[in-house]
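Given next, in structure tokens, is a single chain: the form predicted alone.
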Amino acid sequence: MHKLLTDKPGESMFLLGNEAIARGAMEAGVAFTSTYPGTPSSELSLNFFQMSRESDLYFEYSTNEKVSLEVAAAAANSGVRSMCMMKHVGLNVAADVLMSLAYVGVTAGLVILTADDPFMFSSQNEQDNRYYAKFGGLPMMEPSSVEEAKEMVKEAFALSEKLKRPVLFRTTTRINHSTAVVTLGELPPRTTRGEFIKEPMRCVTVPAVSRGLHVKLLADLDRAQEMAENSPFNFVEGSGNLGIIANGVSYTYAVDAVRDLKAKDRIRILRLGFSNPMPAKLIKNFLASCDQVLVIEEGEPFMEEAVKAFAQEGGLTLPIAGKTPSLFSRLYEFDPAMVRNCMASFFGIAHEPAPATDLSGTPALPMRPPTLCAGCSHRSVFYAVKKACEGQDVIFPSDIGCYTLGFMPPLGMGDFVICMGASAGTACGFSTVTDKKVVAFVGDSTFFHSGLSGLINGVFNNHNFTLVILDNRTTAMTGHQPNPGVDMTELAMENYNTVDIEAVVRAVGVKHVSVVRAFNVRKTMDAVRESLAFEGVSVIIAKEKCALYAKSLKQLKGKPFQVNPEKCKNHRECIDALGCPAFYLENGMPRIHTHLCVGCALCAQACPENAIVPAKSL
């Protein structure tokens, strides 16, 4: 049985933040869950997926975040408690739905989790999604710890049903990926079936209806603000005339810093967990009790700007600071030492920073740039495309996925990456305004996510580019989640269909389509040359299952290769052109880690001396 289905109230369990949130949702009676996978929220989805196989919980990996929110919105408006999860940039995709759903509302609880990623551990930006709550007029809750996250998500469902609005549940990587001991609560029976009651004057957002819905949204926002004033998740602790206002994981850093500075009798902390709309009265009263206030928040000065506005409304002139060059940055994650130092500096508290650890005897860590895995089929395709395009000036738009790493040397394939599904769309633009050939890359999951739209645009407008679809049969980068092209029978799962990419591509009107095996370098090169010679939109579908995914399915059949030292003339094409992490140098000569090599044979095809052979042949 899945551990999060343990029905032992009062028992303690050591859980990852994402696991704790999933458990909290189960204790809230969530019955419908949906997502498009994205780190740092991926484990939350994985746990729902696994639990759905053992319970009456519904879960789906949708084609993108917009669709994910659409299906959840329908379930929540049919009386079924629902949750929709995504990483922060995913909310951009879902924003079109979000903004109108805020007007329509829900009839059962709907919690939308947005996992923000300060420092961009696995993201293309570090946008602060608190602004979406303000932008959409929606209540928002932010936990400060793993334990609180489990409890708070239950309150988020309750709040959603009180207001009949979706609630944004904002986490950051440090909450999602920390672990802590939590106490299990009861698992109530779920309401898995609902009924949609037709209310066109609420649910059909034609202008005449929406004008009235906007009035009601603002009225509900006023109700939410009154709730925020008295929420147990917004509280003041400590004493003294120096004030801290903090949220999320920054609150826990502030608590530690107050303790380290031995300033518990000097500093009061206002923690905001129900953070939109902000509790204006609570904040003004807090400001009135302080001589100075420091606002501690990762990301943008979301709270700081509001707090300063509240101070102005209240006629308060105390110093309020947060994001300044001498204090906190709008960049990256905070850490306890940074918060402690800024707090001591702002309040003028004597503080001797702990001496840095003496690392003089420790050798420097070797650089470990991100790279494609040993045996990754994308490396083979990039190598073949690069060889086929030699001597030509080609632009290579790419997309979001493992293959984004292809922009790194030595492959260097990826000239322009902005967001999910944008490679084909940007290829349209490059091909229109330049005289250069354009070869764009997109993964299979990203193709279904939103890449298809750009391809259709290219066909309709008769653009001229080649789209290489890197079909590795899974959503690899986030942990092998299924997408519509996956054969679910390989996962022993029934009642799914498989959408054939080639059929889709031909159906939208692409006239030149090639299907190749990714590790067949020669045929891939031939396909690239033929596609470049074609005027119009062409597509190459390069198929090969992700090596790690194949290994998990026990389908990895390749045997390791080795370098034959008697044949090797040290041209190093294997190292300099491929960059496979299975290679290393020994006495200046290329060698292969057989425990890393999966036997893809790409290096054997690239070696000019045929010096790379199956290990057992030596």
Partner chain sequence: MEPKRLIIVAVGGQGNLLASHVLGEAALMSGIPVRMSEIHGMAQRGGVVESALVFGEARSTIISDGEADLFVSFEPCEALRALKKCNPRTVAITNTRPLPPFTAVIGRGTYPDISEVTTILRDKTGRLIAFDATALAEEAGNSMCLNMVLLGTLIATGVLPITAEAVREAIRTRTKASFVDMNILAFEKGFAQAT
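Since we're looking at a predicted model, the values are computed, not measured. Positions refer to the first chain, counted from 1.
Below: the form predicted together with its partner chain, not depicted.
Leu57: heavy atom within 4.5 Å of its partner chain in the model of the complex?
No - in the model of the complex, heavy atoms of Leu57 and its partner chain never come within 4.5 Å of each other.
Taking its partner chain as it sits in the model of the complex, is Glu300 in contact with it (heavy atom to heavy atom, 4.5 Å or less)?
No, Glu300 sits far enough from its partner chain in the model of the complex that none of its heavy atoms falls within 4.5 Å.
So, Thr498 and its partner chain: in the model of the complex, are they within 4.5 Å at any heavy atom pair?
No, Thr498 sits far enough from its partner chain in the model of the complex that none of its heavy atoms falls within 4.5 Å.
Can any non-hydrogen atom of Glu147 be found within 4.5 angstroms of its partner chain in the model of the complex?
Residue-level check for Glu147: yes, a contact with its partner chain.
The single option of Ala492, Met367, Val433, Ala350 touching its partner chain in the model of the complex, heavy atom within 4.5 Å:
Looking at Ala492, Met367, Val433, Ala350 one by one, just Met367 meets the 4.5 Å heavy-atom criterion.
Out of Val521, Val89, Met477, Val97, which one falls within 4.5 Å of its partner chain in the model of the complex, going by heavy atoms?
Contact residue from the list: Met477.
In the model of the complex, which of 510-518, 530-538, 461-469, 398-406 comes within 4.5 Å of its partner chain (heavy atoms)?
Selected range: 398-406.
Do any residues of 1-20 have a non-hydrogen atom within 4.5 angstroms of its partner chain in the model of the complex? If so, which ones, in sequence order?
Ser12, Met13, Phe14, Leu16, in sequence order.
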